[in-house]
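Presented below, as structure tokens, is a lone chain in the form predicted on its own.
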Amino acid sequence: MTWRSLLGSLALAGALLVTTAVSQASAWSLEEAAKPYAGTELEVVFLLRPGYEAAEKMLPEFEKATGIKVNIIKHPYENALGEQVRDFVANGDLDIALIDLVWIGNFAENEWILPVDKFLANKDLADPDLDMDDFFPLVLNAFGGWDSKIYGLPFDNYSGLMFYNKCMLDEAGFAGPPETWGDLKDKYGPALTKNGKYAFALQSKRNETQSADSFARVLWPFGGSFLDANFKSNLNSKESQMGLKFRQDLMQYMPEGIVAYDHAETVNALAQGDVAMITEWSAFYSTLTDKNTSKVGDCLAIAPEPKGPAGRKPALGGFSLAVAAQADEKEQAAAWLFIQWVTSKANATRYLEMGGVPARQSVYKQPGIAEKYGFVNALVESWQDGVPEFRPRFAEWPTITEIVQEWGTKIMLGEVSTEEGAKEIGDRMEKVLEEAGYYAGKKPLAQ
């Protein structure tokens, strides 16, 4: 090599080093982005569920890196909506909204939350590695989307799965779980309901659990739905009635007092060996695999929810986090940094390991993840083919769900027939929608 060529090579190497140094210095980082907001305090509502415990364990890392303090206010699910609504109406202290997918219309139409576009357009706040396309499209649009805009990023993510005790099924002569709801009732129900044990438990407590986990779960697989294309009740259709009557017939294979079972009671019934099968949210996987609280141990297995005459229509539920419009500019920026961080690809694996269920497609493609977490294959399948409108996502749902809770419970208790209960729900549901302007052309008929 000549001296001239050597000097040229050294000059080129030096230029590359300078370019790399400049590039690294200007690269986006959470620490740099957060510097203007150090000392900011944020208020957010969390639920008493595994996904929130996982995020809380991760939180010290965010606070150390940013100097932003996140104050968590814990509520049971039943109180979370009311507490947040009161705060927003009073222009209170919440900086981050926790939004069930059926609350999104209420929050967006009342302008309590901000679209993510505001923050994605700010190069100082937007992480170049956020990768919105990495979220499962069904989950992103259902949990955080409204009126063609994205308001929240998926945080506590659920799909309905069948958890079952394979040892109990083996002893009864079954090689695996039921493929259809009909088989669950006609074959598995009689064989597994004996000696104080039950084949199945369907969480049906008179709250959102009745509406989402019990009532809605037997509509879609049988071809039914809450509403038809014109937003009129579809609950007395042949298909909806087939599903509601099926639930009544299935109750003979469930524990007594099933109408008082919430998630905790249902999960515990499987964990203690009292029931053989449950259809529950993916988020409870960590509870059922906790050796300190669950006796099911290696007998635990997971499958997609059974098929009905209309196919496999698993329950869909979950939450997003969105920036509150009532927060000041600094709080909004800090809130976005936290939401972006806690739902990021970079944190998805740790969130999963700590008991959360991320909505990132990439995490479930990692080698060994499906083998380590038994719910993954069933979860991914359900998020490909789920029903976005499993519960109607319009702003009036918080009012309508109370109607479903009341009369859905009365149906299960035998106080009214499925036809009578469906008519009461339908009439009252249509009255709510009429008052909201749906039949006068004042409201869009689809979101």
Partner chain sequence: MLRYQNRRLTIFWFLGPAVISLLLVGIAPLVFAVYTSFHRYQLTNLRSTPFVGFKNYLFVLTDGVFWEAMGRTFTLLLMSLPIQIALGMGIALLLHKPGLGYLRTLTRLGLVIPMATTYAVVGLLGQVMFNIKYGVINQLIGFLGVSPINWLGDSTNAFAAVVFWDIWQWTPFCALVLLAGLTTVPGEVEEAAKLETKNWWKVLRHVQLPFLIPGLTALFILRTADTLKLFDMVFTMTRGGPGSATELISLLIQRVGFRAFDQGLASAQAIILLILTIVLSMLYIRFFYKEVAQ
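Positions refer to the first chain, counted from 1. This structure is a prediction, so every number in the text was calculated from the model and none was measured.
This next part talks about the form predicted in complex with the partner chain, which is not shown.
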| query | Has each of 89, 406 and 410 got a heavy atom lying within 4.5 angstroms of the partner chain in the predicted bound form? | reply | yes
| query | Which one of 205, 166, 345, 307 is close to the partner chain in the predicted bound form, taking close to mean a heavy atom within 4.5 Å? | reply | 205
| Which pick from 303, 300, 138, 81 sits with a heavy atom within 4.5 Å of the partner chain in the predicted bound form? | 81
| query | Given that the partner is absent here, does residue 435 sit within 4.5 Å of the partner chain in the predicted bound form, heavy atoms only? | reply | yes
| request: State yes or no: in the predicted bound form, is some non-hydrogen atom of residue 248 no more than 4.5 angstroms from a non-hydrogen atom of the partner chain? | output: no
| request: Answer with yes or no whether residue 73 is in contact with the partner chain in the predicted bound form, where contact means some heavy atom within 4.5 Å. | output: no
| query | Within a 4.5 Å heavy atom cut-off, is residue 398 in contact with the partner chain in the predicted bound form? | reply | yes
| query | Which of these stretches, 276 to 284, 213 to 221, 118 to 126, 101 to 109, has heavy atoms within 4.5 Å of the partner chain in the predicted bound form? | reply | 101 to 109
| query | What residues, if any, in 257 to 284 have a non-hydrogen atom within 4.5 angstroms of the partner chain in the predicted bound form? | reply | 257, 259, 260, 268, 272, 274
